[in-house]
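Next comes just one chain, in structure tokens: the form predicted alone.
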């Protein structure tokens, strides 16, 4: 394990203490207001675009929501979601779904009633742009010229991907920089979380994993100037136990990972940053990446008991946003599931095109359920026999353990984007239970909430939001996880639509 001094030196050498060099105007657009006009015109003809219209930044607050069905009385707590929200600022529209500042959606559930609050996360980046009255900073797929100096990753931090509740702290997660601390009562941003003094501004994943005993595992990646992964081990109280830095040939823009009882497993797709392209005038950080399937997919496997003990495996090429879970067999073979795509078409295509009003197919980026086998001492094999599946979740009690079910979203056709079906997959049989919301509905991630007296792996609920583009409202739905195809047990209707987001957590009342 590296010492704190070596960690600091390694971070400086890897560029983790410096800014991310986003550069160049997006080659797909010349005038910043073109996309705002294109989107407005397209929305008038296609209501499915409502989820990407965005909000103006004002707080959202409801009274008790109108509920259809019977909300489970023993389901009590707060359901938080996060995602990009203000897609247009100062008359200029962002060029990628990933670029807008985040917005927390809180659903307070108690005594069979549901109330909603929505708050845009007022990050330092947002405050600086508000004071200037204009966009100042470039993003993942959006260029803004002539802005102030970027002094570190958190200069660009939009806090817009997910949420974490750990060690009595509530945080909004990005992945290129620090978690943003959130006041649990007001939902106001309260500065950046520093896990250690030497980790200021260090990247921290939007998908940390929590063992059943409360131990937290996470990673972070930096592509410049030297591709590097950080591995985090944090105890149940929020104290950092160890951090390891791993130099790699490329990072591949990993978004998710898995843990077993003994190992941390990070999969790096062959999406390679072209450093020279960053110097060209018409290239963003996203556009500077090159898909190189001939390299295959690299897998880092680190020992939980000593993160400096690592080995590598190889998989066939593929691109991945989200994983399911992983476990270890008696002989050391690691099994895991993930959402596998042939390539990054979804990232470069549909997730960008929708910002100008084009809902395009996922193409080769269409994600399918896949199972992976990593035998000890040998390269892995992958079975991509499953149907379309994304935004995968498992029961929290199974993290790092053998599991029987994976829950996620799907669509009627293989290359359809966005998604409108909720799916429960039985890993032993391959059978799926499906609930179809309807063609005018866009479904979002559903998380598994165990019943207080959970007796089986699937003894619990699935809770998540969906956007009804005909009624122009967002609904919160709860499903019995043992009877997904029966439809929602209850639905709570908001009086307004919410911008489509990414990920959420449920924090049960104690």
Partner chain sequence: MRTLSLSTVAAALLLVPAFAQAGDLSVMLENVANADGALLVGVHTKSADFPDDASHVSGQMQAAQAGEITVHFKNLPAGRYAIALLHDANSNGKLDSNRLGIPVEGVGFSNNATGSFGPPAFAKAAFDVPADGVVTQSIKLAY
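All values reported here derive from a predicted model rather than from experimental measurement. Numbering follows the first chain given and starts at 1.
Missing here is the form predicted together with the partner chain; even so, the following discussion is about that form.
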- Query: Would you say all of 322, 384 and 418 touch the partner chain in the predicted complex, counting a heavy atom within 4.5 Å as a touch?
  - Reply: no
- Of these, 344-352, 330-338, 159-167, 277-285, which stretch puts a heavy atom within 4.5 angstroms of the partner chain in the predicted complex? 277-285
- Answer yes if any heavy atom of residue 224 is within 4.5 Å of a heavy atom of the partner chain in the predicted complex; otherwise answer no. yes
- Given that the partner is absent here, does residue 375 sit within 4.5 Å of the partner chain in the predicted complex, heavy atoms only? no
- Proximity of residue 203 to the partner chain in the predicted complex, heavy atoms at 4.5 Å: yes
- Spell out, yes or no, whether the shortest heavy atom distance between residue 152 and the partner chain in the predicted complex is within 4.5 Å. yes
- Message: Between 413, 434, 196, 188, only one gets a heavy atom within 4.5 angstroms of the partner chain in the predicted complex; which residue is that?
- Response: 196
- Note which of 394, 388, 422, 230 lies within 4.5 Å of the partner chain in the predicted complex, where distance is taken over heavy atoms; exactly one does. 230
